[in-house]
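Below are two forms of the same protein chain, given as structure tokens: structure 1, then structure 2.
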Structure 1
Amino acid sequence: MKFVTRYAGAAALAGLVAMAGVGQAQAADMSISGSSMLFPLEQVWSQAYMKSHPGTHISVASTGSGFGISNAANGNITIGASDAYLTRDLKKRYPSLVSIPVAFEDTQVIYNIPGLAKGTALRIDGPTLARIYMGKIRFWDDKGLRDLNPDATFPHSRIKVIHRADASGTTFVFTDYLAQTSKAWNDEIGRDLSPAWPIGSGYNGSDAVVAAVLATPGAIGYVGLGWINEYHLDSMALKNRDGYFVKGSVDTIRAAGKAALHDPTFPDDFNQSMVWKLHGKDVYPDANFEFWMVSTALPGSTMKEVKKLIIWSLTKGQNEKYTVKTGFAPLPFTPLKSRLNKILNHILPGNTVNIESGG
């Protein structure tokens, strides 16, 4: 199996960064870079959009959420893609950035356990997962794992921890779950795009994580639903806030998103994590919004084109032939409409744009 066709590496962005800057690009030329998780959806979106908007050119690259956030802020790219929302620190560092939610995704735990019976459904909770990633649980037949999975027969084989090496929104969401559920992880390591990993081997991009887990007996790693579906990977059910063990899927991700949007305390600017906070039997506890980051410093002509693309993505682009097909849950339009219109009218003040219909 080759892991080279789904995601473009950082080298693919060389031509984009070499541009004289977004300000010099033609109005219908746009570049999107960042989250490797969002990359497959952005690919199908860009192809569909360019087909229906002749004269528009959209370049898409997978470089990691950290790159997308910083380069959208400094003007090297038109849109930065990120699995991480704008935290207080990021907003302070990049005051011109505005985040627009464009889809729902998740982070799931994958594994390669020699001798485990095929079809065995595994469960794990946050504290146990944190202990594995801190090196405190070293073997698959540890009592903590056996207690969570009484019907599974684990081998006495060493756990090989795999994680991302680049600044990654997938890591941000994964470590958010660990920090929310494990006091030890929160106190010692915390949530981050690029944390100081206590143990393990790091790889750039989710494709490399998948390849490493499949090639390494005893490995554990984490990726989004798109990889689970494309490579037919086994993943663990995670314990949610109400004590249910839930597997990641389009339906359980959507359940988490709807729970967040119907929570009156969830902020209009989406600058709050969905991870762990939500209640419900079917709510996956490590789901998240996927974001496009746009700088309010973009030239007006470029911003108008960006706005057209955003509106298309939030309406026609939410069709399941784009979202579900690439491993994403579409956004529930009705509870989002007023919030999204506020954001759109903020990124181009004085130019009123309203979303009229959902996808």
Structure 2
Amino acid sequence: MKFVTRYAGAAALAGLVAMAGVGQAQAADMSISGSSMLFPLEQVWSQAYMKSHPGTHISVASTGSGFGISNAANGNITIGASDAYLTRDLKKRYPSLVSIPVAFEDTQVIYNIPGLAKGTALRIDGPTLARIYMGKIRFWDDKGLRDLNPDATFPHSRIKVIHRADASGTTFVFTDYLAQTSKAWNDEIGRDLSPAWPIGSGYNGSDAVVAAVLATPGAIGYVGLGWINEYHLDSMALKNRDGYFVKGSVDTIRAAGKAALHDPTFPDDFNQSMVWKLHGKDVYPDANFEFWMVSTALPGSTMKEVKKLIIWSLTKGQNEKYTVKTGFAPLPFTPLKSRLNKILNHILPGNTVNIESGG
């Protein structure tokens, strides 16, 4: 009996080792990890991709953009997902990383103002929003807010500032808008995935932010397009660079994306925020790219698979049944093609890529 169990154990162990060996030998194994914002889209993508590419296995995890960036750089994961572009600091720390935009997202301001009629269109600009988030505007009937919204009647109730507690790409995009439009915000707090919030209360994840805003009379918060659609929330129209007040939607985000890619000064490697910088009547000023980070140090066979996946994601994957349904706007392709080719050539030199059409 003793011998039997011992040998059975050894056999099982050997089997496990063999299986692990097989798993390593299979090149079509990829892991994507990082941004929790991009996670829902990656889930539907990986499902669809594995269906149409039998033998490929993709594991997806939501671990936060920071984890995605650092682990893509050190090779623990194949693709790191990030809401933020590679800033100069990050590029210096992780020189092997290349960022590829895979979808569009945005950040929108939501509110719960007691007594305000449902459906009232509210407008706000960057400096006013920054003053609210710095605790300098404390009541909803503040003069700054009333001047921006002459038609709305605000109650004299306290503004309760709500923000994210975890490090989040949504926060990065939101604080980017504040930093670009308000000098005080830029000097004192700046843009970050997890900034030092001067006031307010923090919640873990966008769902919790929505719940807290809905439950707290007088609250103001921010979430991405996916949550606005899912919970049918009202959001404020933000003032863009040309002075227009634009509400976030798939169309206005795409307009921002198109403006960025048509802008000849926009860098080829997309390593720049597109928040606020863009001109146009219907350009939403707080939209951003979602990125995949890939290390150029990946072994050749893995890289081939990664590239196949990226090209699929940028073409078939941009279909609205994946992107819009999970709260993203598809990338516009005409101006993207040549720039993207440069990047893809950078991670796997010698091949040209044909991106025919987008969603």
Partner chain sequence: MAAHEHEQGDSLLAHGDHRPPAVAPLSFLAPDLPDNDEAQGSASDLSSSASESDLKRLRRKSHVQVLRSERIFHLTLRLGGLFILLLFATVLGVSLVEAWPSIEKFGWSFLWTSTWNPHRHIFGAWTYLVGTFWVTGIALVFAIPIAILSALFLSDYAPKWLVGGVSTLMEMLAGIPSIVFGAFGIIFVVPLMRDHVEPYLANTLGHHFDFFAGDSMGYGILSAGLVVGIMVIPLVATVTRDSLVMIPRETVEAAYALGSTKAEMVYFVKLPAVVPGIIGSVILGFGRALGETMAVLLLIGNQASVPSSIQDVGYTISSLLANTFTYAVIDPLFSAAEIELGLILLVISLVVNTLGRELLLKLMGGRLAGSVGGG
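Values in this document were obtained by computation on a predicted structure and should not be read as measured data. Numbers given to residues start at 1 and step along the sequence of structure 1. In this text, the rigid core denotes the largest set of C-alpha atoms whose superposition between the two forms falls within 1.5 Å.
The chain as displayed in structure 1 is taken from the form predicted on its own. With the core held fixed between the two structures, K277 has its Cα displaced by under 2 Å. In the core-superposed comparison between the two structures, the C-alpha atom of A260 has shifted by less than 2 angstroms. With the core held fixed between the two structures, S201 has its Cα displaced by under 2 Å. Core-aligned Cα shift between the two structures at T302: this is 3.7 Å.
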